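Next comes just one chain, in structure tokens: the form predicted alone.
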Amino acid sequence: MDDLVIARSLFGTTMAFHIIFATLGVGIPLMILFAELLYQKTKDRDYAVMAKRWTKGLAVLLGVAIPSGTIAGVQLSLLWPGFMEVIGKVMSLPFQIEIYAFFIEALFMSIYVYAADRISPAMRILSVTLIAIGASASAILITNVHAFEGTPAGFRIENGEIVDVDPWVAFFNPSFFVTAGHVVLSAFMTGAFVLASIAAYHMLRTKHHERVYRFHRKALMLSLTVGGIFSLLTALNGHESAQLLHKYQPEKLAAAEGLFETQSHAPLAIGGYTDRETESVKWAIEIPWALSFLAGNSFDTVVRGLNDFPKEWWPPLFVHTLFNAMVGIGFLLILLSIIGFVWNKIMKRPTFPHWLMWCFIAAGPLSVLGIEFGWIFACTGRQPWVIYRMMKTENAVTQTGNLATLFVLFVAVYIILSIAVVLVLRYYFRRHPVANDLEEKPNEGSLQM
């Protein structure tokens, strides 16, 4: 493999690893906040125990999210010097502001973990709120660099020189708000469904322990409710994202749907795979006119096809599969939330059927896969550009060589870290079963961290 392929593989692997922990680091604080609010409203100690235990897990996940994020930042500088030259001169604001967001998150995380039993309920809620705000702000600021790559603004490249720099125009580039919304909403969704999976798994294991079963049932219903709301909001935001692609990155939208010819009343292709030779999507289910409506809220919207662009500008055509997988998982999660709500609140059944419990268990891993598919689609669909229509990826990569060794070493580090996280979480929660927390007397500190 040449340096470009290895560099993309190395950085892609780093991001695929980091994004799991970063996403949960944004999503779980919101769940802790809801548990705190429910505890203060209902005085049901089960919600206090949820907040306590979820915070313990969050602390371990952040212990990996922070260094893996640092690794990603270092790799940006080492692997993509051409890209970082532009970022340093045009788009450094998000990195600078992100330091303050991280400071807020870390400060109030410390207060909540070490002083929860010594501060007022209002201060506990304020602390968790600021943790969630700091985590969300960090995610928005960092992914704004990705938004800038797809819709660059605030500068020009003239004769190889960067001129007419306006950092605030670059910061609030055309896709800033849609991308910011998508990363936060999908993180809230993922955090909720991962906790739903854990609760469903423990419900199956503790169905003969009524007190513990009730606790996990409450956790499941809270997680499904939050996850369902944010999966629906993520889908609505995805509609805005498609319209953004139609306006600013039309070949990416065309590749996502396997559309080769420009047309109005364009169909939406669901499933199948894109065949370059026949310029069609084979084995797909087509919904007439739906792509035009998705792109412009009108069935007669003209959607540009891939043949309108030079073939060297075409993204890899497998992005159609990634896009379908991402969207399909999203709609499945919405469906599971609705089924859970109907079964529990409308039909008022005391237990869930075995098959549905296993679907809930699968929801968490599926939501993480959806995040991974979405991230790969977003980055791969922009190729061959690192900065859309301004700088090609091959022109931004390092020329130092010897990247294969680094790739192997980093993959080994990520494998070790993944195993360590699983072992630490397993060890802690086995040593501190939920039954012990539920039996703890309130006057001994029901919210001790």
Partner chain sequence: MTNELIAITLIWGFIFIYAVMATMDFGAGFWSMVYINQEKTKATNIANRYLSPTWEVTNVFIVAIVVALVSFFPGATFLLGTVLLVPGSIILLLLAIRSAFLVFAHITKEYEKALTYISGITGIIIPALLISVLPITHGEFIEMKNGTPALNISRLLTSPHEYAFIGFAISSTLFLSSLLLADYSNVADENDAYRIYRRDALILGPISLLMALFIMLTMQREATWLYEKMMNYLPWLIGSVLMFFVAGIALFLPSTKHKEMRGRPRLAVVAIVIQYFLASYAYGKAHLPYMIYPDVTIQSGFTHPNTFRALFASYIVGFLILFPGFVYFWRLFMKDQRYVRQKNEG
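Residue numbers count along the first chain shown, from 1. Predicted model only: the values in this text are computed from it and were never measured.
The following text describes the form predicted together with its partner chain, which does not appear among the structures shown.
Peer 1: Quick one: is Leu78 in contact with its partner chain in the model of the complex, heavy atoms, 4.5 Å cut-off?
Peer 2: Leu78 belongs to the contact set for its partner chain.
Peer 1: Against its partner chain in the model of the complex, would Phe410 count as a contact residue? Criterion: heavy atoms within 4.5 Å.
Peer 2: Flag for Phe410 set to yes.
Peer 1: Would Pro384 count as a contact of its partner chain in the model of the complex, using a 4.5 angstroms cut-off between non-hydrogen atoms?
Peer 2: Close contact is absent here: in the model of the complex, Pro384 is far from its partner chain, nothing within 4.5 Å, heavy atoms only.
Peer 1: Report whether the minimum heavy atom distance between Leu30 and its partner chain in the model of the complex is within 4.5 Å.
Peer 2: No - in the model of the complex, heavy atoms of Leu30 and its partner chain never come within 4.5 Å of each other.
Peer 1: Could you tell me if all three of Lys89, Phe108 and Ile119 have a heavy atom no more than 4.5 Å from its partner chain in the model of the complex?
Peer 2: Result yes, every residue of the spot touches its partner chain.
Peer 1: Have a look at 100-108, 284-292, 238-246, 259-267 and name the one stretch with heavy atoms inside 4.5 Å of its partner chain in the model of the complex.
Peer 2: Correct option: 100-108.
Peer 1: Among Val302, Met84, Leu204, Ile338, which has any heavy atom within 4.5 Å of its partner chain in the model of the complex?
Peer 2: Contact residue from the list: Met84.
Peer 1: Which residues in 395-434 have a heavy atom within 4.5 Å of its partner chain in the model of the complex?
Peer 2: Counting only heavy atoms within 4.5 Å of its partner chain in the model of the complex, the contacting residues of 395-434 are Thr398, Gln399, Thr400, Gly401, Leu403, Leu406, Leu409, Phe410, Val413, Ile416, Leu417, Ala420, Val421, Val424, Tyr427, Tyr428, Arg431.
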